[in-house]
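Following this are structure 1 and structure 2, which are two forms of one protein chain, each written alone as structure tokens.
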Structure 1
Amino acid sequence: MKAVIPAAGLGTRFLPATKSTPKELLPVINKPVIQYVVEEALEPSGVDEVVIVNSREKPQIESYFKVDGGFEDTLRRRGKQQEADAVREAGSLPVSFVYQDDPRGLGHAVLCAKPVTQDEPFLVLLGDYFVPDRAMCVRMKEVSERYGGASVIAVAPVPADQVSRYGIIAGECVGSFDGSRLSSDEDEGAVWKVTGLVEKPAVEDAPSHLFIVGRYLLTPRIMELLQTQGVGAGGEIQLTDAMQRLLDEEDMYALVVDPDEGCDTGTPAAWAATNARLALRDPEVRPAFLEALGEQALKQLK
């Protein structure tokens, strides 16, 4: 089973930093964002390769995931064994690359990976969002297996006044992930059978308050549909448009997740907040992080 990470975007929200450094290589603590996503993608059983859909203008990403024996040897000669091991680990991850030479939307990016995914189900993980405990895709795969290998997407609740900013699902709750009782159909762990995908609905038209958070487990049929998918919003080939067509042929399910389970790095503010969040969570980093903030900054946070 393959996992696909689209990473061909220009990262314009982070300019001018991304003029020379791809957004995906910006660090969160001591690792680039995309490494967190790759490691998450490899967590579910059966995933043996991660396919990064890259741009030829961003060779730095491919370079990062290559073994660099010379650099490792230099680090080891200088007594930096832990750092050398970390560099070796990144270069040894089972990552391959395909290229999106003509960026035409998320659906087109996913389609670029078809020669590698072939006729098997596959995961799609958006590259500016990662889950530190790596459990989300594992649970999605279990839901898929429970429902005969159906497509599964991760969704999370959003306040009613914000539904017009997201893609919202329609459908009905059919149970819970672990069999527990739910106080609400939109509680974490709820499993929905999806009947529709509505892009940025008005509040009064929203069929639910659940939005897609950037994790998909899709059947191979989606690749065939993407090959004939016309342009949609923004003049691009939209993955959600092909998924809507998939619903006409196959069942699809959604797993409700805690919106705080993942870490967003899609904007400078979100990226900075994710760094702070993980720094506070890590017992080895937390004391130095709080010291580096200084008393004045801590007062501003109160």
Structure 2
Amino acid sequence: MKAVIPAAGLGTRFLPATKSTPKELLPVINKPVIQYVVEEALEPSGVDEVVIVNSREKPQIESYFKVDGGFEDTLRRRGKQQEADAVREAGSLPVSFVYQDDPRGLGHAVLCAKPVTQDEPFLVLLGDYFVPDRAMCVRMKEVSERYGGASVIAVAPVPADQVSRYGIIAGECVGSFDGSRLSSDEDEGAVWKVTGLVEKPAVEDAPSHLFIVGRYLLTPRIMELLQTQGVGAGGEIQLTDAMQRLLDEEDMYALVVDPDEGCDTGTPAAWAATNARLALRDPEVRPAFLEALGEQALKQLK
């Protein structure tokens, strides 16, 4: 299976940083966000090729994934073996690139990967959101297999007062991922049959409190629908609009995941929170981070 990582957006919510650094290359601790995404796609999701949809204005992404033998040699000469290995690893990841010449929306970005995905189902992993334990796409693939190769999206519960910020699903719970009993249809592990997708509904119109997180497993039919998809919200070609049309022809399922399973980095606040979460998990960074946090907390209390 192939994985598509759209990374050609303008990153306006992260300006001015994104004037010169693509949002997808911003570091979380010491690694760019998009490297976490690529690694998640490759292992253990069983993906054999990762294609990044890039913008010509963001050549830094392609440079990052190139081997840089000269730099590696310099590091090795200076006794920095571990650092040289990390540089080599980033340059050795099997990624290819296609280009979206104009950022016309997520749906259009996905369509740009059609020459690579061809007539096969594929995964879409947003380039500014990653799952540290890399297990989400694996479970989505299992759900798809269970339902005859249907499209599957990952969704997570969102507080009622926030539904109007997200794409929300309509449908009904048809069971749980591992056969366990659920106390609520919106519990982690619930599997839904999707009947509709509503972009940013008012709270009273929201058909559920489950929002679409950045992971999709889609059948190839979506590419044909995207070819004829008109512009939608924000004047952009929306993936959710084409998925709504896909629902007229094919079944689609949603897997409810824990909202804390994934890490968003699309805004300064989300990125800062993601860095804090990963700093707390990193044994090398954690002590200094906690100490600095403690000092700051004490200052706030004064």
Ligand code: UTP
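The term rigid core refers to the maximal set of C-alpha atoms that superpose within 1.5 Å between the two forms. Each residue is numbered by where it sits in the sequence of structure 1, with counting from 1. The structure displayed is predicted, hence computed values, not measured ones.
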Item checked: Of the two forms shown alone, the one predicted alone -> 1
Check: Core-aligned, does Pro44 move its Cα 2 Å or more between the two structures?
Finding: yes
Notebook entry, point to check: After superposition on the rigid core, does the Cα atom of Leu280 shift by at least 2 Å between the two structures?
Noted result: no
Notebook entry, point to check: Once the two forms are fitted on their rigid core, how many angstrom does the CA of Leu290 move between the two structures?
Noted result: 2.4
